[in-house]
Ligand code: NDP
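Just the one chain here, laid out as structure tokens, in the form predicted on its own.
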């Protein structure tokens, strides 16, 4: 039994770094790469950030795909992945904390008028503007799972009027929770900042369409640290021109890397970050080695995904 690793894209850790990190938890782990594949029939587990189109067919005894992160939509829908191959993901505190910090950082950027001061400095203009008061500000979090829940609690603890939305009812102390379509409309219409931390599922793809965007509070900030296909991007550009929302901060886009000719780059109402809101995996890599041994011993896997639901 062997574990193959493949990052599948640039701009993150290398496979050599990943191998070294995994060997800290289990120095005896048999880790393969494309460059050093050995006998591919030995590989029963694959750990990837992005699953390449050709890789599943190369591994005749593949039993488990471990996602090195949370989002698994491209893996569960992978056309070459056999139906009986199991999928697991990571639930790591490190990227959850970092995503919550990313959301907070860009909310504070709006609260403290930082975009205006950056523009004023370029024009050598001394132009004081009153900051927004935190207790008078409503923030909303779309998605109240592991990461979204942590984000909502951070905002709550800093004194924001915090709202959250999920598909099914939830209760979190100090957070006004909404659910279903009516609840989403209520949250969008009330909140000054809305952070989306949702997986990509048939229900969420395109959820923020022209109608939903038009229902946002005028001048609100829309932040997306979940999946890029949540937002209808052409509709977003039109909505920004109408001031609903007033600004969008996108860490994820429908195509990544974002093409150089995308109008999102140059629109004054858009801030782009290159899918960096949650970077480090921290101690969650221990779960990769744990799942390797659990698979070998026939034990329940950590954070297994329901392939039908997509999460």
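The shown structure was predicted, so the numbers you read here are calculated from the model rather than taken from an experiment. Positions refer to the first chain, counted from 1.
In what follows, reference is made to the form predicted in complex with the ligand, a form of this protein that is not presented.
Remark: none of the three candidate residues (34, 87 and 292) comes within 4.5 Å of the ligand in the predicted bound form, counting heavy atoms only. Remark: of stretches 22-30, 36-44, 282-290, 250-258, the one touching the ligand in the predicted bound form is 250-258 (heavy atom within 4.5 Å).
The closest non-hydrogen atom of residue 109 lies beyond 4.5 Å of the ligand in the predicted bound form. In the predicted bound form, none of the heavy atoms of residue 78 sits within 4.5 Å of a heavy atom of the ligand. Shown alone here, residue 244 lies farther than 4.5 Å from the ligand in the predicted bound form, counting heavy atoms only. A residue is said to contact a partner when one of its heavy atoms sits within 4.5 Å of a partner heavy atom; residue 122 fails this definition for the ligand in the predicted bound form, lying far away. Contact annotation for 141-170: residues with any non-hydrogen atom within 4.5 angstroms of the ligand in the predicted bound form are 143, 144, 145, 146, 147, 148, 165, 166, 167, 168, 170, listed in sequence order.
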